[in-house]
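Next comes just one chain, in structure tokens: the form predicted on its own.
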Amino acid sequence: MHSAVRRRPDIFVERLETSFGVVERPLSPWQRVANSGTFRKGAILVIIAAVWQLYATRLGNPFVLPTFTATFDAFVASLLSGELLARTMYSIEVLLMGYAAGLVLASVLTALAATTRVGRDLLELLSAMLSPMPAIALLPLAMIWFGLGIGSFVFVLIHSVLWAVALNTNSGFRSVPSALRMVGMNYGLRGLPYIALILVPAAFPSILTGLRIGWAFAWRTLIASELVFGVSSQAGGLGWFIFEKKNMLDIPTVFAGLFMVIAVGLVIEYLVFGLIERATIRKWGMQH
């Protein structure tokens, strides 16, 4: 038989009536708007535009700095005429050719570096030699080799993309934990399957960073090349559009061309790379 449990007389238990109230309080409409990154970034752009408008109005010299409203009017007019959009599409077409070729070469170099010692030495040596060299400095040489055509621009774009993507990818591969590498080897993975199934997913944050940096380098290299060396194959891109309007002293349209350079950069960053980031590394829990 179990003895009855008796309460000790020296212990006094007092039951407290507690009420915590509402633990989770809904946010106000203003708080929900303020928590939106899109709203905050839009507010920053509005402030920059207001400061620009006030300063340009006070300066009173449209040949030095046109007002924001004049620049916006020129931007809309250039879009409606179709000229700005056609020049932009031409530049993007050239950019995609150089970017794709650079990615292919970067993939070959990093695959060799990940699987062989000679490939690693080759990548380290070539990147140390060529990565610090400005891509636009190679354009005169490219024009001697490939002439005044798209080939010259593609050549310098490959240089802009190749080393940024290869170095970041190789750095990501080398930072993959040894335990994960051993898992792949225990499953018998070697060569390209090992790279595709083990290294690439584990190093994808570094790879995506390299893709972003390579895109930014390529875009600014292309615009600078068109500004300095003009047209290729009797056609001009966005950089040549800016150069032409500068020679015509149409400064608002020059700024409109720069607007388009920024707009393309924002679209690629937030709609392309941002979508890839949300669908991969954020979904996988590799980034917050």
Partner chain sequence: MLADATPTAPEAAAAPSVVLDVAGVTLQYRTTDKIVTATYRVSFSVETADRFVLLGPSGCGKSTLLKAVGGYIEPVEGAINLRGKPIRHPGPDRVMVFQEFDQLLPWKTVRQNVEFALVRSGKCTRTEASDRAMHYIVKVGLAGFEHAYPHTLSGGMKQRVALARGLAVEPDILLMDEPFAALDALTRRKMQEELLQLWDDRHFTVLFVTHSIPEAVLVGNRILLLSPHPGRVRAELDCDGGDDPQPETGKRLSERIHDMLFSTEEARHA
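For clarity, every value in this text was computed on a predicted model and none was experimentally measured. Positions refer to the first chain, counted from 1.
What comes next is about the form predicted in complex with its partner chain, which is not displayed.
Trainee: Quick one: find which of 69-77, 198-206, 123-131, 139-147 has residues within 4.5 Å of its partner chain in the predicted complex by heavy atom distance.
Mentor: Selected range: 198-206.
Trainee: Does the 4.5 Å heavy atom contact test between residue 82 and its partner chain in the predicted complex come out positive?
Mentor: Residue 82: no, not in contact with its partner chain in the predicted complex.
Trainee: Answer yes if any heavy atom of residue 118 is within 4.5 Å of a heavy atom of its partner chain in the predicted complex; otherwise answer no.
Mentor: Judged by the heavy-atom cut-off of 4.5 Å, residue 118 is well away from its partner chain in the predicted complex.
Trainee: Is residue 180 part of the interface with its partner chain in the predicted complex - any heavy atom within 4.5 Å?
Mentor: Heavy-atom contact with its partner chain at 4.5 Å: present for residue 180.
Trainee: Tell me, yes or no, whether residue 105 is in contact with its partner chain in the predicted complex, where a contact means a heavy atom of each within 4.5 Å.
Mentor: It does not: once its partner chain is placed as it appears in the predicted complex, residue 105 has no heavy atom within 4.5 Å of it.
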